[in-house]
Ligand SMILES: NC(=O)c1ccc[n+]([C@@H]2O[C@H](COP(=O)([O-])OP(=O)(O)OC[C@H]3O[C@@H](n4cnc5c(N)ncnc54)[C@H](OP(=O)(O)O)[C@@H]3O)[C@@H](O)[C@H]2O)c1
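Next up: just one chain, as structure tokens, the form predicted on its own.
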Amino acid sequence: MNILITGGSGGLGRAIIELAAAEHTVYFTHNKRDCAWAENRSNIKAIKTDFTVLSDVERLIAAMNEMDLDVLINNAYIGKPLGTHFHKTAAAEFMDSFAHNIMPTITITQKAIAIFMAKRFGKIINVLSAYVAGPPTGFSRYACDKAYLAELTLVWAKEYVRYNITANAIAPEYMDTGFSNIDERFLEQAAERHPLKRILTPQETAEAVMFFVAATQQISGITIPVGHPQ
């Protein structure tokens, strides 16, 4: 199958690519990180895309015409998930986060759905967060963006089932990906509180994503929680 992953340069995105590339052709977006690890691998193709630049998103959407896409994995997140208290967060920050995260995801997914409808097959997999159910202090923007994507998962699952298109999601607990620049002491404390005495890894979460890649089209509208609540 041909798979497009948004935000694939590191962390969870890269873990998904490494698993998916064992059997499939993988396209992924990246922006600031070095992707030399993907060079000279014929079935992995990097596409530089800044989600804050409209022309970059439009260029990606145009490139999707040549991918013969089967699977879209919406993984990208722009900005730092951890902010400050809700009352200290400017309203404009919520608008910017929505514009840079949800709107590109909507337009990219609309293009993917058009491709899937034509071939009467497709899979949409969204990366949410356990914080949708209960965000810690400072994660209001991030949790709201992920909650919006969670609702879109249900919309897409219901509206496009007749075209043999599925929409599912994963909602992982905290992973140590270097994404949030979390203090090492926090990581040690989180590991100590964890029932398994270690934090969820990107590789473990990627396995949940790959479950949906391989799953029957009878499975749709499902969100899998990954990891144990802290």
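Heads up: residue numbers just count along the shown sequence, starting at 1. None of the values given here were measured: they were computed from a predicted structure.
Not on display, but discussed next: the form predicted in complex with the ligand.
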query: Contact residue in the model of the complex, chosen from Thr52, Gln203, Asn164, Asn43 - any heavy atom within 4.5 Å of the ligand; finding: Thr52
query: Interface residue in the model of the complex among Leu154, Ala147, Ile78, Ala99, criterion: non-hydrogen atom within 4.5 angstroms of the ligand; finding: Ile78
query: Answer range among 155-163, 89-97, 111-119, 139-147 for contact with the ligand, defined in the model of the complex as heavy atoms within 4.5 Å; finding: 139-147
query: Contact of Tyr27 with the ligand in the model of the complex (heavy atom, 4.5 Å); finding: no
query: Close approach of Glu173 to the ligand in the model of the complex, 4.5 Å, heavy atom; finding: yes
query: Ser129: touches the ligand in the model of the complex, heavy atom cutoff 4.5 angstroms; finding: yes
query: Contact label in the model of the complex: Ser220 to the ligand, heavy atom within 4.5 Å; finding: no
query: Residues of stretch 10-25 in contact with the ligand in the model of the complex (4.5 Å, non-hydrogen atom); finding: Gly10, Gly11, Leu12, Gly13
